[in-house]
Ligand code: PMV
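A single chain comes next, written as structure tokens; it is the form predicted alone.
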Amino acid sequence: MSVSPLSRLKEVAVSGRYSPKENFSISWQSPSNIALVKYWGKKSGQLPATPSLSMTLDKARTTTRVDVAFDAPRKGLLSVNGDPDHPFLPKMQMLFDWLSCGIPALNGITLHAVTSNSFPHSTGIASSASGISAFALCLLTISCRILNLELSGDELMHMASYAARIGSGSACRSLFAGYAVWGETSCLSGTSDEFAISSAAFVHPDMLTLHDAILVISGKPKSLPSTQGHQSMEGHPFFSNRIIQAGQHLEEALRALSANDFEKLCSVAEREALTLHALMMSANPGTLLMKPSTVEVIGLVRDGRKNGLPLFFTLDAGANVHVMYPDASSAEVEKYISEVLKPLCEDGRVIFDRCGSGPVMLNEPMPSHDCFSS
């Protein structure tokens, strides 16, 4: 086992070299990410069964503020958006409890979180990834302030990736600009099952401007929570072959990103998306998350490509479709999306997004919103 990325923080924490502070608030905005090589199935310790590759998004993001009090009688994480029984609180509580074990100072404070999304939650647009990564950054920034410890930006993101995995596996990939790889692989040095690393330095500049139009086929929460989906891979008859396939697809995708080979990336991403849903459908019990409009959009994306448009689709664990295309062709592809694909979306909703630059710490106070409002 490698040295924990949190070791420096824990060394200061256990020394007791800190004192109570005045109450304060910390706010972070963190993006979602779309996996091009999927994370589906895990080992004990919240570790991935296969490596995954994702593109960090820009507009699909979660904004989270954590209010910290030292003088309140009750300690711990008490509410999310004023609700002590908020459905997202258990994931946040899991991360808070895990960090508190190594950073005792967190046990002496009271936290209230206020959080909102720029997109519908639990619909296959990785709201847990953006939400948990934002919360992890808040907790680590709070810890540093209490402990009078300064970290570099790279060190903070490395720690946050390691910690965020505990609350949501895919959250560990949202801490980096461009593209991130999570899971140990011989394809890229420095990879680990315990945290993600940036692969942007190996990516062709044109691939860092890739667009992603998120077609909201359904804004309703998906019927299969990701936790149950990962569990369904245990004993799955096809999963051993999936492990081999994921490694091969990761190598192909990294080569495509480096060489600016859009056609190769298209081929890998679409195979990955369909494999993910095939695994869900063939599990016991099987789950079908695609809607009729999902399938229709997939067909129309392929029709557009046959007619010369550079675009491809990918899917997360939900009905919504991500349509990806290069910046140089954005005008013609977005015209096709608006005229042909948008009518198939719920209320005509499309989120035009693109490859993003990662999390941002906010200085301005965050207004109170309903969690994951659309």
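Note that the structure is predicted; figures quoted are calculated from it, not measured. Position 1 is the first residue in the sequence shown; the rest follow in order.
Form predicted together with the ligand: not shown, discussed below.
> Only one of Ser143, Ser161, Ser198, Ser168 has a non-hydrogen atom within 4.5 angstroms of the ligand in the predicted complex; which is it?
That would be Ser168.
> Considering the ligand in the predicted complex, which of Val66, Ala60, Leu311, Ala317 comes within 4.5 Å of it through any heavy atom?
Comparing distances to the ligand in the predicted complex, the residue within 4.5 Å is Ala317.
> Is there a heavy atom of Thr294 no more than 4.5 Å from a heavy atom of the ligand in the predicted complex?
Contact with the ligand, no.
> At the 4.5 Å heavy atom threshold, is Val203 in contact with the ligand in the predicted complex?
No.
> Is Trp28 a contact residue for the ligand in the predicted complex, using a 4.5 Å heavy atom cut-off?
Taking the distances in the predicted complex, the answer for Trp28 is no, it never comes within 4.5 Å of the ligand.
> How about Met324 - does it come within 4.5 Å of the ligand in the predicted complex, if we only consider non-hydrogen atoms?
Output for Met324 is no: heavy atoms all beyond 4.5 Å of the ligand.
> Taking the partner as it appears in the predicted complex, which of 340-348, 32-40, 66-74, 303-311 has residues with heavy atoms within 4.5 Å of the ligand?
Looking at the partner contacts, the answer comes out as 32-40.
> Across 171-188, which residues bring a heavy atom to within 4.5 Å of the ligand in the predicted complex?
Heavy-atom contacts to the ligand in the predicted complex: only Arg173.
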